[in-house]
Structures are given as C-alpha cells and as structure tokens.
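Before any questions on how it binds or moves, here is one chain, the form predicted alone, in structure tokens.
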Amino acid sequence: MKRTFFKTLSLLALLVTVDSQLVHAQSLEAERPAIPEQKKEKGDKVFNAETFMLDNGLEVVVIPNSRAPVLTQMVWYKVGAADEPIGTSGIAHYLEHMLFKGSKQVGGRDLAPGEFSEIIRSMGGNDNAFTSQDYTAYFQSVPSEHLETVMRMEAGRMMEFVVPRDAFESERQVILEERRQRTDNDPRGQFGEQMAAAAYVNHPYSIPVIGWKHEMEVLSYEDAKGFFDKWYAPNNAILVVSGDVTPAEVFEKAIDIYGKIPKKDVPKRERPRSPELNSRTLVTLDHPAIKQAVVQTLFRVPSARQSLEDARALEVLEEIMAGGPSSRLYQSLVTKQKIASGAGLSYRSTSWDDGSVYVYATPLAGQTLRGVHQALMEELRLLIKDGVTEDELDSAKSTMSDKAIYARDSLTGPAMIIGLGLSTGEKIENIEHWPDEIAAVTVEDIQRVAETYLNPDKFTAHPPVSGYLLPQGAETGEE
C-alpha cells in the first residue's frame, strides 16, 4: 500500500488484479469539523498536463515528456467492483479479463482473442489492465510512433462488447485460479477479506474485488455484457496519454477516433450506507503458513474527494509516522522499545467513498500481539496529546516535495497518478498543485485529523477494526 500520493509507481503491479478494500463515508460528514477556506498563490504545476473535453464527454489529459520516444496510453473508467449488482461480485474484474478476448478496432478489423496484446508486443510494447473498487483501467506503453494505432484499438474496446461467448467459460477458470492463488491458498488474502467484511458493514467495500467464489462460479455472459453496456462509455472515462507527444497531436487524434463513440446515460453512483455500529471488532486468524505475526488496526477516514484538507493533513501525518527508519513508529517500537521488527501507518486517499488508515506492526519473538497492539495505540494517544513538532512537519514536507519532483521524470507514473486521482473525484488542479497543498498543512491540522479520526479511545459511529494474523497455535496475549 502506498505511503504518499506520489508513491503510485509501486502501486501498478498491485492493482493488476485485486485492489485493497476501501470504506464508505456515512458518518464522517457529521464528525468532520469545519475548516476555514485558505487562499494562497500557487506555485508551478507538477506535470504541466493539458486537458480537453470531447463533445461525447470523454476527458482527455496529455502529459508531454520528450525524454524518450515512447508513450503510455491509459483509459480509466469510473466504475469498479463497488458498483456491481448484488450477487454478481467479481463481474467488473471478469469483464476486464474478457475485453482481452476480442474487441473492435476503430477503422480496422475486429481483433481475435489475445490479438490485442500480440499487436502491442509486436510493437515492442506492453499492455495490461487492473480493476479496483472504484475504477477499471487499461494501458499500453509503446513507441510514440504507434499512438494512432493504440488509440484505434483502445477506442474499439470502448465502443462495443464483441467478446465471443465461447471465451467466457474458459476465462472463468482463469479468474477462479487467480482467487485460489491470491486468497483461498493465502492466509494473508483471507485475513484481508475478513478485515474488510468486519469494517465495511453493508457497503460494497466489504466485498473483495475479485469476488466471492460461489458468486464467481455462476457469473454469466449476460452479466458481463450488461455491466459493459451500463458503465463503459466515453462520458464515464478518462483518456490519459503521457510521453513523447504534443497536446495538439493527441487532441486531434482523440477527436477523430474516440470522438466517434456515442455517449450513454450512465447512472449515478448510489451505494448502500453502513449503519452505525456499537461494538469494536477484533479479527484473529492463525495459520500454519504464517511464520511472523502481524497486528493492525483499520480506521475509516475521509478520502481526498470527501475532504481535500483532511486528506492532505493525513498524507503528511503518514510521512511523519511511517516515513522510514527515522519516523515516529519505527523509532518507538523498533529502535527504542525493541518490541517489533517493523511498524508503520498507511493512508489511502484515492477512493470514491471513505479512505482508510492502517496502523500496523510486526512483533518480535517473545512479544505478544496484545502488547504490541497497545504500544501502537499509545503512539496515537501521544500524537493526539502532544501533536507534532514544526521540525517534524518541515522534514516531512521537504521529503514529500522531493518525491513530487522525481515523479515528473517517469513515463507511466504521471499517467497513473493523474488517472487515479481523477477517477476517484479529485480535480486536475489539486493534483498539479499537490506540493502547494502539502506546504499549507499545519501542526494544528495534523493534531485535528489525529484527534478526529485516529483516536483509539473515541467511540465513533464506525469504530476501528483490529486484526491479529499469527502462526498456528501462537498466543495473542488476550486475557
């Protein structure tokens, strides 16, 4: 899981199949204190992206980068597993797989199963896709001379669902095997599913992106086509092109190729809401495959879409608490107390509904999970009581600003960052001026979000969920 907004490069491999579970926002509006609007002059943009809206509603973003004669094209659909009809869990991910099994090509012949990727490889490029709770994205990285070709291929995939029926059943076995490998045969995957189910009651974030096995086994061709027809449309998508291209070139080709696809009446996202809960939950799983125990607590917090001010403060807090060996949690639990081999805090801001904060540690031999868990919670209490120092805040901001500068040099990274933000409700200006917004965070902001969302002694409508993952037969230290 990423530590900051600009650590998205490492996220790509994790998102190819199954994304982490996120949360819903029901009571956060009531809990969130009012924040006065801050107005200040903004500095340079991070990526200098240019945007354009086609008549059919497709948002086009271009990030010029002439360091090498290559480009990355990404199409992000603002739909994911959390938008699936009840009883069809996994259909968003299944559909992602199916769209490699046959598609149209604008201005060319239909592509046979597997041919899309074969063409990309013949160009010397690579392609893939990934599904999350809130978005589905497809991408190709190729020499820049092939821009028009990959546009025609990807636009064809958007235009119409033409997957052969006989490819549907064979691909079912692929996704079932994927679930077996990543979840059913992996206690960490099982543990994550149970944590999500406990934390996100009555909300689709409680359902795994890959789906429940018994529902995956009965998904139909009509389920996939219906999901495509409902959500896959230019007015529900974002085209991002990053690399050795000019905005004028991309916009001209986008109008000619993607602009021919008609818009659809895409439904508004309306998801079930979690009820108020009146108890705390502890998820415990022991398994012979686990050799090193883990303790963690999940807090439901605002995403960037819900509260940009809170999100930026939580991002800085993440750097202070978990930004390497000099961070608070590592220094306390690992270096000084010597009760854990690792400790951290991870904030996920890019989701449509609630974001999430995980606080976690790996106990050393001889330490109980209960004891290490209490040490983690004590660090949060100290944070709330004493706040952070100006030196800690300045150091975190400096580190994060450096990461924004380095992000400019990447090809795929900027497309990932911008696509991820836009598809989960952020504005391009906020992404471009992220360093300015980070620079505006104060010590008071840090203490406020810690007290509001990460107080282990404050009973909220959605209490945090804790989890112990441990070797079979090991003691937790619970009385």
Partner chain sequence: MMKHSLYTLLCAFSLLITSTAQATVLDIEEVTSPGGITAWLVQDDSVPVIAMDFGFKGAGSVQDPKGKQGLARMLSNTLDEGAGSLDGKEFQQALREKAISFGFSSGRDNFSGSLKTLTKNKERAFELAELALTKPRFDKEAVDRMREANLSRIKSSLADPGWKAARLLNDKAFADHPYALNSGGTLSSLQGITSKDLEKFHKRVIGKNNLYVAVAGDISAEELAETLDQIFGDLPDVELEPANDHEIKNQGTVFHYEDDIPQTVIEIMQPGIGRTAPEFQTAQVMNFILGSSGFGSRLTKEIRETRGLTYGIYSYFYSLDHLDGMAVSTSTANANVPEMLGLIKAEFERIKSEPVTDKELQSAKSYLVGSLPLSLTSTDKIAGLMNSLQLDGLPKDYLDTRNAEIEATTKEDVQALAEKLLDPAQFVTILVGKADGWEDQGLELQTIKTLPNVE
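Quick caveat: nothing in here was measured; it's all calculated off a predicted structure. Positions refer to the first chain, counted from 1.
Not on display, but discussed next: the form predicted together with the partner chain.
With the partner omitted here, the residue from Arg370, Lys230, Lys104, Arg188 that has a non-hydrogen atom within 4.5 angstroms of the partner chain in the predicted complex is Arg188. Of the candidates Val443, Leu54, Val70, Ile428, Val70 is the one whose heavy atoms come within 4.5 Å of the partner chain in the predicted complex; the others do not. Shown here without its partner, the chain carries Asp83, Thr246 and Ala254, none of which come within 4.5 Å of the partner chain in the predicted complex through any heavy atom. Within this chain, Gly124 lines the site of the partner chain in the predicted complex, having a heavy atom no more than 4.5 Å away. Proximity of Ile320 to the partner chain in the predicted complex falls within the 4.5 Å heavy atom cutoff. Contact check for Ile290: a heavy atom falls within 4.5 Å of the partner chain in the predicted complex. In the predicted complex, no heavy atom of Leu382 sits within 4.5 Å of the partner chain.
For the partner chain in the predicted complex, the listed stretch (220 to 228, 351 to 359, 402 to 410, 262 to 270) containing residues with heavy atoms inside 4.5 Å is 402 to 410. Residues of 321 to 358 placing a heavy atom within 4.5 Å of the partner chain in the predicted complex, in sequence order: Gly323, Pro325, Ser326, Ser327, Tyr330, Gln331, Val334, Thr335, Lys338, Ser341.
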